[in-house]
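Given next, in structure tokens, is a single chain: the form predicted alone.
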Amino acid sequence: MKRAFLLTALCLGLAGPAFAAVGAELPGYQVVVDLTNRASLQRGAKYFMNYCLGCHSVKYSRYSRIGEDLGLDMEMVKDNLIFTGQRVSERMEIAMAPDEAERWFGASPPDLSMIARQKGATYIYQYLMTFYADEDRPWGVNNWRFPYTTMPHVLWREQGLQRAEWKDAENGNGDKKKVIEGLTLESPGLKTPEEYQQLVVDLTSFLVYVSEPARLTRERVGTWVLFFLLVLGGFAYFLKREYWQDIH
């Protein structure tokens, strides 16, 4: 019985709406996403429509559903989030043909509907935070989190350009190679580092929301289900004792 109580308490503790994505691989780049922060999600939707939707679809989402969940009426959605003439009831797809995208970028930009569930919020945050200048790359930038990415740094005007700081590191065989030690802002952008960091947090939060729009509802209902099972388990335990007391 004590084990059941401990397990239930652990599940309840993990069911909160705010969560930190795990699996961080870069030092100093961690993010906490709060899906209850509507203002952050609204800003993230704005940034996504302006900077990402031209190449990356979220084809499992509809403009109308996003508007309802984020507290936006349909007129606001049409005036501020739709730039392609689509209807609010349509899915958020792009007009770019995959073969043309592959010819332009070297690879077709993936749909981002499930990127947060596939890679995690920390991956998205780190990827958008760690572009740096690299003249050897076709777009003049590389990425610390995803080396040799084919995506240009579409947010460079906001962040500016970073320079990679390199150091020598040894592998298990004693061989040395150059690895990135950190990134330094070389050319400032339109936003301060703190403002750009908040932009990336907002954009990451929006992609986490898109990956599972019903997450908060699921967690809220799940908490009540766990509470119900806990109460039911208590009744079942005492009922079992009542039935078996004469035998034991």
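Just count from 1 along the sequence shown to find any residue number. Keep in mind it's a predicted model, so treat the numbers as computed, not measured.
Same protein, other form: the form predicted in complex with a small molecule, not shown, and the subject of what follows.
By the criterion of a heavy atom within 4.5 Å, C55 is counted among the residues contacting the small molecule in the predicted complex. Interface membership of A121, defined by any non-hydrogen atom within 4.5 Å of the small molecule in the predicted complex, is ruled out. Using a 4.5 Å cutoff between non-hydrogen atoms, L203 counts as a contact of the small molecule in the predicted complex. When the small molecule is considered in the predicted complex, P152 lines it closely, a heavy atom lying within 4.5 Å.
Contact with the small molecule, judged by heavy atoms within 4.5 Å in the predicted complex, is confined among 154-162, 84-92, 172-180, 67-75 to 154-162.
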